[in-house]
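First comes one chain, alone, set out as structure tokens in the form predicted alone.
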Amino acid sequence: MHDGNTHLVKMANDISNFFRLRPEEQAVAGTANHIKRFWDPRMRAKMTEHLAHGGEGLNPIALKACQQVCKAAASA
């Protein structure tokens, strides 16, 4: 995994861990909302690229959240 992606993966996982005690749908929504609000477009673009290569290292909540936010950003 590329070093820049390692940092983003860790950040996404850390964000999702904050929401982990909530039901999955709420945890994904909370994580996605945080990424949408606080990550700049370059960070989301790097994550989009990481997702295109399989999303290695992302936990299930972070993966779903990144798929919602980052792929939507790429097609917008």
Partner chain sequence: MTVHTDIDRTMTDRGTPERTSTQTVTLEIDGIEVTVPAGTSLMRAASLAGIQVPKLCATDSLEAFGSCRLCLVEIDGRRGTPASCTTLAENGLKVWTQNDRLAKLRRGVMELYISDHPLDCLTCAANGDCELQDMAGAVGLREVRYGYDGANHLGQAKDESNPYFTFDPSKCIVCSRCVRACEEVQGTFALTIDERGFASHVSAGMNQDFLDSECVSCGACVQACPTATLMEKSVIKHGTPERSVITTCAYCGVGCSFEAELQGNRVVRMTPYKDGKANHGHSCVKGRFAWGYASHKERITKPMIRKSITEPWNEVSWDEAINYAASEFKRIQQKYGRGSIGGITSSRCTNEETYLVQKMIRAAFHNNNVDTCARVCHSPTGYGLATAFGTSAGTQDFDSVTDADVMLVCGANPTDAHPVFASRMKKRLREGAKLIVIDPRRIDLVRTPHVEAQYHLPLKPGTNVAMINALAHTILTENLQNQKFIDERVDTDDFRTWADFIRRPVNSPEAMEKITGVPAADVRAAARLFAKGPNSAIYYGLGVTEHSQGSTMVMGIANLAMLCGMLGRRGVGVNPLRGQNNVQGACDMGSFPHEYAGYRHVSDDSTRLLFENDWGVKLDPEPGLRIPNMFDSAIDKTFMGIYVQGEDIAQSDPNTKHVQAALSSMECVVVQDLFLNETALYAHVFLPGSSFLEKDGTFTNAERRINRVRKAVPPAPGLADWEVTMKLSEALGYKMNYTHPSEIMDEIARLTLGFRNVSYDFLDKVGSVQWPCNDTVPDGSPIMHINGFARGKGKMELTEYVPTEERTTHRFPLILTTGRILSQYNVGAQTRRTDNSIWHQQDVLEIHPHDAEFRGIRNGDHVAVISRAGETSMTAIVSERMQPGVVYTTFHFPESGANVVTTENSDWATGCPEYKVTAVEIRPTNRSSEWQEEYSDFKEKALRIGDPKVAAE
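Residue numbers count along the first chain shown, from 1. Because the structure is predicted, anything quoted here is derived from the model rather than measured.
Keep in mind that the form predicted together with the partner chain is missing from the display, and what follows is about it.
Looking at L63, you'd find every heavy atom of it more than 4.5 angstroms from the partner chain in the predicted complex.
Remark: L58 does not count among the residues lining the partner chain in the predicted complex, judged by a heavy atom distance of 4.5 Å or less. The shortest heavy atom separation between H53 and the partner chain in the predicted complex exceeds 4.5 Å.
In the predicted complex, at least one heavy atom of D14 sits within 4.5 Å of a heavy atom of the partner chain. Contact residues in stretch 6-32 (any heavy atom within 4.5 Å of the partner chain, taken in the predicted complex) are H7, K10, M11, D14, I15, N17, F18, F19, R20, L21, R22.
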